[in-house]
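Shown here is one chain on its own, the form predicted on its own, set out as structure tokens.
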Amino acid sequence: MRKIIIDTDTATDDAIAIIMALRCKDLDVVAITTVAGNVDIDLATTNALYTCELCGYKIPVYKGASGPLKRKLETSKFFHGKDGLGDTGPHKPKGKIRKTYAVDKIISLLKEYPNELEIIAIGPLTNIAKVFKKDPEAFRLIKSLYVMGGIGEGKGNITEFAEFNFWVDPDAADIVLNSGIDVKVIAWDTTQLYGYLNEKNFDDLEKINTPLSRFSIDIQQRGLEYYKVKYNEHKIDLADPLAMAVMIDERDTIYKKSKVSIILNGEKRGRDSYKFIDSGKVQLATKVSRSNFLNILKSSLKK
């Protein structure tokens, strides 16, 4: 089984991504580490633990960075709700958060499983950047690093120029994407093309009718209302679940090798720009299987 760490700022789409990973028979989730982003660090951690328990798993959850490297945290509770799960809570997990700091735990796990551990980062990259800064040798022991973030070749979702995760902590994104290791990026532009749910897709999920499917539908209702008001669409984009689907099965994913630059400040803060070169360490996903995404999602919500 593939050993993975999920690094998450657990809100509505993160929770679904966690479910997809836990329900995948080929993945061994050795830890979940949390980071401030969509919501504050305490809420992100509580939501991660609750989601694991909902799936029937006792995955160790470790609390990480409470804010970006160099700036004040700005959350997206306006979209995900005050509880981060579409205002369906309060959610009170029964288990306890582990005491070890997430960054230290990632480093120790990388040393325990050298060149064996895969990481998927579906929140701001603060924890991952801190791993690099604290122990660059351990950082280079990552087998694979998947990142949900950036606009890719499209436009942003928090500003015209930036996707939320990179906008929250552009300094961390700059460090990680230019760290010298191979990084696979699943950006916002591919989400809009391949990772959305429309009315028919929600109908399909309702037919599954399990506790997990009902939870997954319920936590998206606030986001659906937001889309209806802003875009006049019955649709929602699920960036983190798409990234998780790619990690689980990337056979039909097409990547372009590239070099990346991140704008750190000003109006275009968080913008990622790609120069496609054969020697590039960053692989930007440019095409993803939509059917693969939907199939993995639906199968994870069944009994």
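Heads up: residue numbers just count along the shown sequence, starting at 1. This structure is a prediction, so every number in the text was calculated from the model and none was measured.
Just so you know, the form predicted in complex with a small molecule exists too; it's not on screen, but the next bit is about it.
Give a yes or no on whether each residue among Ala31, Tyr62 and Ala102 has a heavy atom within 4.5 Å of the small molecule in the predicted complex.
Result no, not one residue of the spot touches the small molecule.
Using a 4.5 Å cut on heavy atoms, which of Thr88, Asn178, Asn201, Asn157 is close to the small molecule in the predicted complex?
That would be Asn157.
For the interface check, one of 233-241, 253-261, 53-61, 66-74 should have non-hydrogen atoms within 4.5 Å of the small molecule in the predicted complex; which one?
Stretch 233-241 is the one.
Mark Thr126 yes when one of its heavy atoms lies within 4.5 Å of a heavy atom of the small molecule in the predicted complex, and no otherwise.
Flag for Thr126 set to no.
Counting only non-hydrogen atoms and a 4.5 angstroms cut-off, does Asn38 reach the small molecule in the predicted complex?
Although the small molecule is absent here, Asn38 would touch it in the predicted complex, with heavy atoms inside 4.5 Å.
Within a 4.5 Å heavy atom cut-off, is Phe139 in contact with the small molecule in the predicted complex?
Answer no; every heavy atom of Phe139 is more than 4.5 Å from the small molecule in the predicted complex.
How about Tyr194 - does it come within 4.5 Å of the small molecule in the predicted complex, if we only consider non-hydrogen atoms?
Although the small molecule is absent here, Tyr194 would stay clear of it in the predicted complex, with no heavy atoms inside 4.5 Å.
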